[in-house]
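This document opens with one chain alone, in structure tokens, the form predicted on its own.
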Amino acid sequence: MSTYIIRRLLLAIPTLLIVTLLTTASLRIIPGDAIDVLIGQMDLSGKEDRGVLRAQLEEQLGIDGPIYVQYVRWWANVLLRGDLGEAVIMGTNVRDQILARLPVTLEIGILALLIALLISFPVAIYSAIRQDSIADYVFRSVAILFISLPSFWVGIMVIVFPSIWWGWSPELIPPKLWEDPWGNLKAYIIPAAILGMAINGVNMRLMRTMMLEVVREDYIRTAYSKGLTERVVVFRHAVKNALIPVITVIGLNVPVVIGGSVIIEQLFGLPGMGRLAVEAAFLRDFPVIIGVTFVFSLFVLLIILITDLSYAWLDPRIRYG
């Protein structure tokens, strides 16, 4: 197992290299950069040469070399010092900004996954056990509805109509978790529920399908013939065997949560990494964008690794050499 984990961690390095390289190259294709933003904020009513000023600013910020030199320098700082560079416009260390915003994104993502799992699993299990009942048809329709509705549209509706009807709107500055846990939960529960809505629908559909396959297996009929109760048969025998494909989808849902957090944080004004990426994109602050992409990619790779390792716990026949 340890050899497998080490090998997977080593294989993550080329993935991170490719992701950061593609991000760096794509950012250079976009017209304009942070230097243009800085020069646009300056008073150039005199006879300053814009080209000379640009060269001076690039030299001061350490971005005057070729792209590949900057890229190698960035990776050297990451590996040797854990330094993600300095923000050009925002004026602070990228690592410090990410560490300040990361708890918000983690809280939204974890809440979204928890809400999706706590709703989808019981509903899917009941729907499979009571196949073709009225409740089954209702739950299947709700799952399709969750999958179909775009999260950004639902978020806009949740912000607009409650403010018109009841005068309610999300808090602009949510309290921190360690200062006011209940107030923090009230501020984050609605964005997290909206973010996990599509995941909820997918998990409900998939878990129901897998449960229907498992409950028709011979060992399930044997368990019933031995006189075991439905609760014991379902939760001790059926659920665990139906979870392997669902766990795979849950792992694949992490990039969906990360991508959705960019929209949800912007809609609800939450100070997370998604909003940081949007702000950096508007300001053309490339070091911040690359740093956020690097951290997001690292999280996705770690979650995929944890997902693969969970297979061995769910199915004893799976062994990693």
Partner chain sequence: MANTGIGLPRAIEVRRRNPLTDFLTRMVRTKPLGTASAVIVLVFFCVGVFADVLAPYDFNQQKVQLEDGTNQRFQFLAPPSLDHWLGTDSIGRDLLSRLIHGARISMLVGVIGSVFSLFVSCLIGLPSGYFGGKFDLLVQRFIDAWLVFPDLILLILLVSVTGAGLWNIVFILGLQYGLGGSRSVRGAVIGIRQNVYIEAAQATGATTLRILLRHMLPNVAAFLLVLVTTRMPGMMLAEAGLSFLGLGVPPPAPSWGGMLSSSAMTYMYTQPLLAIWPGLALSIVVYSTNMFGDALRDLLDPRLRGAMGRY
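Since this is a predicted model, take the numbers as computed values, not measurements. Numbering follows the first chain given and starts at 1. If you superpose the two forms and keep the largest set of C-alpha atoms that fall within 1.5 Å, you have the rigid core.
Quick note: we don't show the form predicted together with its partner chain, though the next part is all about it.
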Can you say which of 183-191, 136-144, 236-244, 74-82 gets within 4.5 Å of its partner chain in the model of the complex, counting heavy atoms only? 136-144
Please tell me which of Val232, Ile156, Leu106, Ala100 lies within 4.5 Å of its partner chain in the model of the complex, judged by heavy atoms. Ile156
Each of Thr23, Phe152 and Ser163 near its partner chain in the model of the complex, meaning some heavy atom within 4.5 Å? yes
Taking any heavy atom pair closer than or equal to 4.5 Å as contact, tell me whether Arg95 reaches its partner chain in the model of the complex. no
So, Thr209 and its partner chain: in the model of the complex, are they within 4.5 Å at any heavy atom pair? yes
Spell out, yes or no, whether the shortest heavy atom distance between Val19 and its partner chain in the model of the complex is within 4.5 Å. yes
Hey, in the model of the complex, does Leu301 get a heavy atom within 4.5 angstroms of its partner chain? yes
Residues in 255-269 close to its partner chain in the model of the complex, defined by a heavy atom within 4.5 Å, in order: Pro255, Val256, Ile258, Gly259, Val262, Ile263, Gln266, Leu267
Checking Val160 here: with the core superposed, does its CA move 2 Å or more between this form and the one not shown? no
Does Val19 shift between this form and the one not shown by 2 angstroms or more at the C-alpha, the core having been superposed? yes
Any CA movement of 2 Å or more for Leu9 between this form and the one not shown, core superposed? yes
